[in-house]
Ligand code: BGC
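Take a look at this one chain, the form predicted on its own, written out in structure tokens.
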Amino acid sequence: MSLSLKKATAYTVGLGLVVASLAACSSSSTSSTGTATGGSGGGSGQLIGVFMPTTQLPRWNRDGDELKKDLTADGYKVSVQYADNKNDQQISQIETAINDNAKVLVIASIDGTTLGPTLAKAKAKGIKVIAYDRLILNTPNVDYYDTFDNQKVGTLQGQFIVKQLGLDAGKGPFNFEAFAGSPDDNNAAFFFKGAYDVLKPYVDSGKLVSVSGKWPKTVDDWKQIGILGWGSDKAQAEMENRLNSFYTGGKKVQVVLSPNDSLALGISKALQNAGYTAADFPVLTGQDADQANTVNILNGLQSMTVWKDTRAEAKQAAKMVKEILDNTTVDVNNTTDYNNGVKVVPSFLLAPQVVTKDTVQSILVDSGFWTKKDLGLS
């Protein structure tokens, strides 16, 4: 996504977080689930297609489970499909649902720039489309967008780094490495922009030193440090390369910007393999509050994560589906900022939240997102 489009779609809305009940997180590696028969919520068994990118990132398993639970409770027949991060496979899954006369499609796209022809088929059959978490681009045939304030995610990560290092008090310099998300993910641009805008002044002043030289010269160049597919293994390999190439002779990295937990997990492994321990671990950011990363936070092997309660996002999407099919007003809170290149998509934004070691219990455990047992606390 170009910066010109990002500027056109920049947003600053912050909202209260909705908390719903937790469903179990699947660890399945299958590419799709079967259909679930509707409950007694009034949906009359209408088919809803739900499309997630992959089972390889824990958060998408949780999203799929929550959407199935919420939509089934509303009385709909639900088909949840995972596409192993293969765009052609996701397109095929969506077209199957269109042929099966689904009434609404909820799509977390793999590549949001490629769905135009498929969604034109949905439009021709009167099927409504909700872009879930990732904006679908370059098509008029997306009706609503359900997401978190993704630029705010990066802003929170940048602000955390500033506060932890005391940069605003003039401390430094600190050796700094930055990573960005998958180049084909529309949200990755927002995450990076939020952090970049906060951290750039400190890079420019020399308080943050990009030892590898990989800090992008402009925010538009973020893809140069993007990790394709959000792969933990790819992030680990890249961090290992930087450590071996630029951190020799006792030089230490002191802070790493990671846009999400999948990348942070790989980065943390690389650092541990290089001999870093909790005593000298760099400030390391993340996002999603994945189980393994939350355990790392408790053990001093990651500094923070930005929590996006996917239960709230799924509940909002299910609410939108019901409102669409009940022919009532669909609840949105932003009708100006999300231009997908063809139209401004009516959107609902939820607010992310920082979690640290000191707040794991009060935010993640007390809300039921994780149990003490999940995190090795009991």
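When you see a residue number, it is the position in the sequence shown, counting from 1. From a predicted model like this one, the values you see are computed outputs, not experimental measurements.
Just so it is clear, the following notes concern the form predicted together with this ligand, a form of the same protein that is not shown.
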| query | finding |
| --- | --- |
| Proximity of Gln93 to this ligand in the predicted complex, heavy atoms at 4.5 Å | no |
| In the predicted complex, Asn296 touching this ligand (heavy atom, 4.5 Å) | no |
| In the predicted complex, Lys103 touching this ligand (heavy atom, 4.5 Å) | no |
| Partner contact for Lys152 in the predicted complex: this ligand, 4.5 angstroms, heavy atom | no |
| One stretch from 136-144, 119-127, 183-191, 241-249 that, in the predicted complex, holds residues within 4.5 Å of this ligand by heavy atom | 183-191 |
| Of Trp222, Phe176, Trp307, Trp230, the one that lies within 4.5 Å of this ligand in the predicted complex (heavy atoms) | Trp230 |
| Candidate from Ala312, Ala351, Val332, Leu57 lying within 4.5 Å of this ligand in the predicted complex - any heavy atom | Leu57 |
| Contacts with this ligand in the predicted complex, stretch 286-325 (heavy atom within 4.5 Å) | Gln287, Asp288, Lys308 |
